[in-house]
Every structure is written in structure tokens, then in C-alpha cells.
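The data below hold one chain only, encoded as C-alpha cells and taken in the form predicted on its own.
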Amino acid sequence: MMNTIKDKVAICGIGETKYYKRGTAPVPEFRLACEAIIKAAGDAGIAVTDIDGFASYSNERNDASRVATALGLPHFSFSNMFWGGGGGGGSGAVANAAAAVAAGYAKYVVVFRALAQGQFGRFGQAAPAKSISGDFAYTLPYGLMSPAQMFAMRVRRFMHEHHVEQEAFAAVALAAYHHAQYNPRAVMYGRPLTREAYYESRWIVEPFHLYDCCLENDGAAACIVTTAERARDLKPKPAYLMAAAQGSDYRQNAPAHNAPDYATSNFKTLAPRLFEMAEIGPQDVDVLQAYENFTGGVVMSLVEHGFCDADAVMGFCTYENFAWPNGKLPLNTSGGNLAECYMHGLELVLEAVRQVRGTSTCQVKDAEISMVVSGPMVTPVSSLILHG
């Protein structure tokens, strides 16, 4: 049996700001970060000054020391940031926070993400630069410069190898928009999506229609991690951590686009460690929140976490299987990155907590085990599993 953090820690508080369309937040990004953390502390029933640790992941612009100062913390004893791009660190940051509290480095570690893209730059846009190095030196001359373009190539290869068709991606998008119609927090609340509108929407880059791509939003989200013992004494129902894993497969950062296993979401070596730690299998998961930078990555993640075989995607990845309340595997039940908001996937962790608390706007009946997948097709990636 592995020596793990299973059931030693729990998420005891969650908080978030209002989610805005990109560029429309009325206050600075830093203030959004502080607001989400204060709300998470309030949800946990602790004073914000009880927080003594910070964890986040790459692209987080709000320095922990500055946040601690603004919140009036008497001290903090732990800070940590997960490497990698985009949302690959959403679950990994929770794992780092869990390790810190389990080891006694801190009592209450807050995991947070704040984004106000209108005040900085867009993540989905190629950055202007006077000189180019690394991968871009090889790809920009050919017009390959945005995340949508780069990930489309991996997804197209996966489709070719396993005879996957567009309808599998449509199912992910349609389920996300379906769930967002029950969630007043969602940016796309009140804006349902039909299958016809999905197929008639413009191509961003094949095989991604407009609705296959994540939103770009302003806002902030936070969750507080503490020991299972402390969590049991707090008011909210604890979301106990069954497992959290991070990592990357063989040579996944080999430049440029030369990873030996190209058509992968990069979870093939992580997923077995995750389920071994949790001592369950994918068949035991009641509800799943899977990071959608693009829908194709969700489908590849499902395969690599063992929810279905690659050659059985078209039978498993259907709207009927993903949609609450009758789906066999309700997927992204808050609307996710596609339709709730794009907080680099930390909002998916908050929704996983709501599911085991029993407070989701698309509450899965008797949900006991809730799982999060963070960051397909980047390196490193991470996943976690919670239970109530």
C-alpha cells in the first residue's frame, strides 16, 4: 500500500468573485484575488488571518507576499507555485497545499487564481515579440502560434488514429452549456447552445469550432486546504482528498512538436498513480470536472484516465452520457471552462467540492466521489479525487 495523503487533508472552504467577460472586471485583478480568498475563509468559518500558506500555479500574477500584506496576515509560513503553462496545475496546486498541511508546514493553505485579462494580455493570443526562441522559432514561420493551433494538431492526430468524429467534441460542449443554464454564476447562463448552432459556428482552427474553445474571463477563485482533523471541526462539510497526482509522460516537452507520443493529453503515467492512491477505479467516480482548454483534450483525458477505450470514444462520449441529471458520467456540471468561466480550471475544483457537499446547481444524486482533471496536452498536468 502506498504511503499517501489519502484522507489526511480536506478542502474546508471555497470562494469566488463574480465572473466577468474578458476585460470587463470593474476592479483590479489583485483586488479580485483578495476578495475570493476572503470569501473562502468566510465559507470555512475561519478568520482570513488564520491563513498561513499560499499555493497557486503558473501565470498567477498576484504575489503571495503582497496578498498576505493586503489581507493583514500576522505571518505566513508556506508559499508554493506549480510549474507549467495554463491550467495543468489546478489540481497540482491543491496537492502541494495538501502536502504542506500534512507535513505541518502550515495550518490553512489557500489555493487561488485571479485573472483580469483586459488589464494584462489575452492567453489565447500569440504574444508580440522582437525576437523568437525555443519552440516558436520553429513554428512561427509556418503560422503556428496560438494554443488553439498547437493543440488542434495533437487532437487531429488522435482523431485519425482512433476514428474519432466531431460529434464527440460536440457532446462535451453541449453538456457544458446545458449545465450552465442551471448556474446563475455562469457567464453563459441564459445563453443555451443547440447542436445546430454548434455545427454552424465558425471554425477557430479545425477540428475546433468556436464552442470547442474555452472562454476568456475576468474573476478569481480560491479554496482552503487544511488537515482532516481541523476540517471536521468547521461548519462546511469537508471534501476529503482521496488522491492528488501530478507529472508528465516521457519527453512530452521535446521541441518542437516532437514528443514521441504526440496524440496524448499527457495523463498516461499519472492516472494509474492517481487511482492507486485513491484505491478506486474510474468506474467508481460519480461526477467529473475535466479541464477544457479545448474539447478534444477532454475526450483524450477521459481515455487516458480509463473511462473508456480510445477506440470506443464514439459510443461513450455522447451528450446523453455527459448531461445531468441522467448521464452516466455527468461532466463539468457548473458549465466548466466552456460556459461557466475560465479561471484556469480552479473553478472546476470548487465545483467538485460542491458536488460532494451536495450544493451544486446540477447536483448529482448521492454523489460521493468527485474528480478533477487539470490541463490536458500541457506539461506537467495534474488530477485529484475528492469524497464527502
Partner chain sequence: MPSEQHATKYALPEGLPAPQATRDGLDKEFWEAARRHQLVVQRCNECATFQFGPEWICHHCRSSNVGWERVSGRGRVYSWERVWHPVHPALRDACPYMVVLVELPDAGNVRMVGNLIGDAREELTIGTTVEVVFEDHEQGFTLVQWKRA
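Values in this document were obtained by computation on a predicted structure and should not be read as measured data. Positions refer to the first chain, counted from 1.
Another form, the form predicted together with the partner chain, is not on view; read the next lines as being about it.
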Tell me, please, which stretch of 256-264, 219-227, 90-98, 279-287 lies within 4.5 angstroms of the partner chain in the predicted bound form when heavy atoms are compared? 256-264
Any chance Ile204 has a heavy atom within 4.5 Å of the partner chain in the predicted bound form? yes
Report yes if any heavy atom of Phe120 sits within 4.5 Å of a heavy atom of the partner chain in the predicted bound form; otherwise report no. no
When the contact criterion is heavy atoms within 4.5 Å, does Thr194 count as touching the partner chain in the predicted bound form? no
I'd like to know if His209 sits close to the partner chain in the predicted bound form, meaning any non-hydrogen atom pair within 4.5 angstroms. no
Considering non-hydrogen atoms and a 4.5 Å limit, which listed residue (Pro184, Gly104, Gly134, Pro74) is close to the partner chain in the predicted bound form? Gly134
Proximity to the partner chain in the predicted bound form, single hit among Ser79, Gln166, Ser248, Ser146 (heavy atom within 4.5 Å): Ser146
Across 153-184, which residues bring a heavy atom to within 4.5 Å of the partner chain in the predicted bound form? Met153, Arg156, Arg157, His160, Glu161
